[in-house]
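Just one chain follows, in the form predicted on its own, and it is written as structure tokens.
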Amino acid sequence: MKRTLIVGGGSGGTILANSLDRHEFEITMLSSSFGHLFQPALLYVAFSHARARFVRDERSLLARHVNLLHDEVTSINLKNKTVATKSGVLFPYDYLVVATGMHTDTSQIPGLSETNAEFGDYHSSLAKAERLSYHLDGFRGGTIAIGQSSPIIKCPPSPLEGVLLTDQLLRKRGLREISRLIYFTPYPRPYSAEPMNEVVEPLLEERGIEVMTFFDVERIDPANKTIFSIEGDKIEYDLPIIIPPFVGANITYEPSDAVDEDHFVIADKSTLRIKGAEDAFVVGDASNLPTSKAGVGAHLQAKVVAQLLSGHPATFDGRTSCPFDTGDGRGTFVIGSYDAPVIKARPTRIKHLMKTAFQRIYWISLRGTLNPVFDVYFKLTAPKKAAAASD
């Protein structure tokens, strides 16, 4: 039996654990939390008062033969093939898969920790999303400033989803005419990939949402309610919705160059093998791969690693398919890969229904029972190298 250690739960780690043959692998998952959060739901907790069951017991999502242990990993030695935990236990392995995700770090920007603690956000936690929802409920007009404070983000469409859903919420409450919406981004255009920007920019113009590009957040002055950029610009707000910077898990690696300065694991973009290790892999948001950090990527990466561990040829092509709620009952998907540029996909009501439906089938998908359906979907929506448009 191949001793296979999975560090972290989440969608990538869970799908991988459930995909491995119990007759071939002895699977142990180490997780610092037994709660499994459906992270995309935080958007709707904040802006739509969603109150479904978004956190479930990780044990209930795993196959019986997977050994789940509650412990925090502190160090990984890729040379000696061991993992050390906070409780003092040393775990040897034959194969290692890192699926630790990433988390927000408000300490990187002066004033952000205080601001985030007061107003919340929709990327950090369920509690922070609920806090933001509370402040949106109490908003009676003024300026709402929403954007990302760092280029590294979970789900690239999510900042724009936030501002478009904010616009929808204000219109429903009759507050839009007495409110100013400012969207700020470190990129030169509202959406970083130009084909999708051709869809997004007209939506923002139609809804009167102001855009500040090349806005790299330097600091926040909570007392004077002002956000300052490195470029010398500033935004005065009544309600700030600031997506914090993201970093990888605080785990010490040997060798130390297996992670970058933000603690993201450095890996081969096709095989997902961690730098310098033939028997260690990474899946999901924990890596520094040049692709979107989103659940779809974690899903596809987990399937690739499962194939490689089983001795079958497989490569990850950087495929992404991020759902994008445009805040008007429509939606679209941001689709691309390493070799195919993001395609221009117009919003439709059917695509919005597809996104909302996934909230219901997510838990089932972790078991692998819907793999044939997903295989067909990914095949039908596969981007082409010279693709310019899609419906």
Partner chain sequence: MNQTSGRTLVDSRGSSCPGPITDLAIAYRRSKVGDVIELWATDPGVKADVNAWAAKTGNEIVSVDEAGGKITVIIRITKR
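Residue numbers count along the first chain shown, from 1. Note that the structure is a prediction, hence the values are computed from the model and not measured.
One more form of this protein should be noted, the form predicted together with its partner chain, which is absent from this view; the next part is about it.
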Open item on the list: Counting any heavy atom within 4.5 Å as contact, can you tell me which stretch out of 190-198, 160-168, 203-211, 131-139 lines its partner chain in the predicted bound form?
Closed with: 190-198
- [ ] With its partner chain left out of view, choose which of F34, F38, F358, Y338 has a non-hydrogen atom within 4.5 angstroms of it in the predicted bound form.
- [x] Y338
TODO: Sort through S125, T315, S150, T143 and report the residue having a heavy atom within 4.5 Å of its partner chain in the predicted bound form.
DONE: S150
Task: T291: touches its partner chain in the predicted bound form, heavy atom cutoff 4.5 angstroms - done: yes
Task: Distance check, D94 to its partner chain in the predicted bound form, heavy atom within 4.5 Å - done: no
Open item on the list: I'd like to check something about V217: if you look in the predicted bound form, is any of its heavy atoms closer than or equal to 4.5 Å to a heavy atom of its partner chain?
Closed with: yes
Task: E231, heavy atom within 4.5 angstroms of its partner chain in the predicted bound form - done: yes
Task: Contact set, 238-269 vs its partner chain in the predicted bound form - heavy atom within 4.5 angstroms - done: E261, D262, K269
